[in-house]
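As a starting point, one isolated chain is supplied in structure tokens, in the form predicted alone.
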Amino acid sequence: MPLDPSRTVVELRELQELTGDENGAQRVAWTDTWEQAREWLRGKVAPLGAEESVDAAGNQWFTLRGASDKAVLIGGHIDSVPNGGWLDGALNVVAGLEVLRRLAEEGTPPVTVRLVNWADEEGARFGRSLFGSSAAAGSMTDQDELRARKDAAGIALADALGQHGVELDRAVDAARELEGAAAYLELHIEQGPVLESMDLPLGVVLGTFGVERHQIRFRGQAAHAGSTPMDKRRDALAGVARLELEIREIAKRTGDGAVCTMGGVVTKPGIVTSVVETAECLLDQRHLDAGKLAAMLGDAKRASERFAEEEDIAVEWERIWNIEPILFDDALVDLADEAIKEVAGKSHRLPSGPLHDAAEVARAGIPTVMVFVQSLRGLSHTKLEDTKEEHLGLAVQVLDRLATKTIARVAAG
């Protein structure tokens, strides 16, 4: 069975019709619709003779045994955010399915090839992204915090997992699945505008940004909006407002793709007749260089302290989450670059701002690389997400060629 990239597009549309509605994809992890998508994938792989298994974290594996137990992994996730796009995550898995078809038709590969559908990459229901891959990678160390997580309906994460055959306390047992893994490959839509702005269909990913995520709380004094002169106010919102403008300058000064985002602001008492007493904001900072990321954080903290002093208010910082930058394997980056140039003529090397399962696999010490395909208008996590079908076809060809090169490299040794 020769590689048929057009079949990938047809199957992605089929999955879209099966698990989406007029608002977009609805394959939120740990829901019936997500399970329906996993069953759909199971049916697609069944004729190939690959062995299916589901590990302790709920990750779905399809194994095509080779002449060697050394394994090349091709991975992605089929879960989506609510009202998501038709490509985010699903492209990885369905394109990997097409590569697996081609390999199965040709007979026993020189090394074992495994397609993995990671569980709950998005974290849409419980706010914990990269659940399955972090469990497998051994970086899931927040079990106590996870036990306390609940969804919008008040359902505990552990209870939802149990409904899908996963025990939270045993999820880390998924680590055994990475034994013997020699390489990990992942294809993904870019989810940003860089490749489109360069008129390039594909690029190779150098790594994923490190992230520093903090809650910042400014404390002032509530006072009547009508009777308190402007120069007598201790307005907590002024600290947030000034910091929001400053983080944009911090990102500009840092350069090299630096981004800073204030993603949410809550004020109290939150009424129009009162000066703001407390203002809380969420700050997200990202960079591919650990040193520059640390410098950005330091600049933001110093700025917040200066603004607090000037506004006669107080400021507190609380780290919510962080992850170090992840650099992908140089040799695999070169192979991906070659594959893209052979298929599409030109390539580009770029970092990834969003996190991906590939970052967790790389953290586990497994040589890893990602390929990005252009996103129209840079949109993702919306039903408007899209990529040209001809670019999707090229992406499947590149993944197949990259898999061939990687298999040969691993087999040689």
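From 1 onward, residues are counted along the sequence shown. It should be emphasised that the depicted structure is a prediction, and the values quoted were computed from it without experimental measurement.
Separately, the form predicted together with a further copy of the same chain exists; it is not shown, and the next lines address it.
K.L.:
If you check L178, A314, A251, A158 against a further copy of the same chain in the model of the complex, which one has a heavy atom within 4.5 Å?
P.N.:
Checked against the cut-off, the match is A251.
K.L.:
Pick from S129, N83, S139, T228: which residue has any heavy atom within 4.5 angstroms of a further copy of the same chain in the model of the complex?
P.N.:
It is T228.
K.L.:
Of the listed stretches (69-77, 118-126, 205-213, 337-345), which one has a non-hydrogen atom within 4.5 Å of a further copy of the same chain in the model of the complex?
P.N.:
Looking at the other structure, the answer is 205-213.
K.L.:
Check for me whether a further copy of the same chain, as it appears in the model of the complex, comes within 4.5 angstroms of all of G43, G49 and V99 - heavy atoms only.
P.N.:
Verified in the model of the complex; spot residues all out of contact, no.
K.L.:
Verify the contact flag for G107: yes if a non-hydrogen atom of it lies within 4.5 Å of a non-hydrogen atom of a further copy of the same chain in the model of the complex, no if not.
P.N.:
Judged by the heavy-atom cut-off of 4.5 Å, G107 is well away from a further copy of the same chain in the model of the complex.
K.L.:
Although the partner isn't part of this model, could you tell me whether A238 comes within 4.5 Å of a further copy of the same chain in the model of the complex, counting any heavy atom of the residue?
P.N.:
Answer yes; at least one heavy atom of A238 falls within 4.5 Å of a further copy of the same chain in the model of the complex.
K.L.:
Give a yes or no for R286: in the model of the complex, does one of its heavy atoms lie within 4.5 Å of a heavy atom belonging to a further copy of the same chain?
P.N.:
Contact with a further copy of the same chain, yes.
K.L.:
Would you please decide whether L245 lies within 4.5 angstroms of a further copy of the same chain in the model of the complex, comparing each non-hydrogen atom pair?
P.N.:
Judged by the heavy-atom cut-off of 4.5 Å, L245 is in contact with a further copy of the same chain in the model of the complex.
K.L.:
Are there residues in 243-276 with a heavy atom within 4.5 Å of a further copy of the same chain in the model of the complex, and which are they, in order?
P.N.:
Contacting residues: E244, L245, R248, A251, A258, V259, C260, T261, M262, G263, G264, V265, T267, G270, I271, V272, T273, S274, V275, V276.
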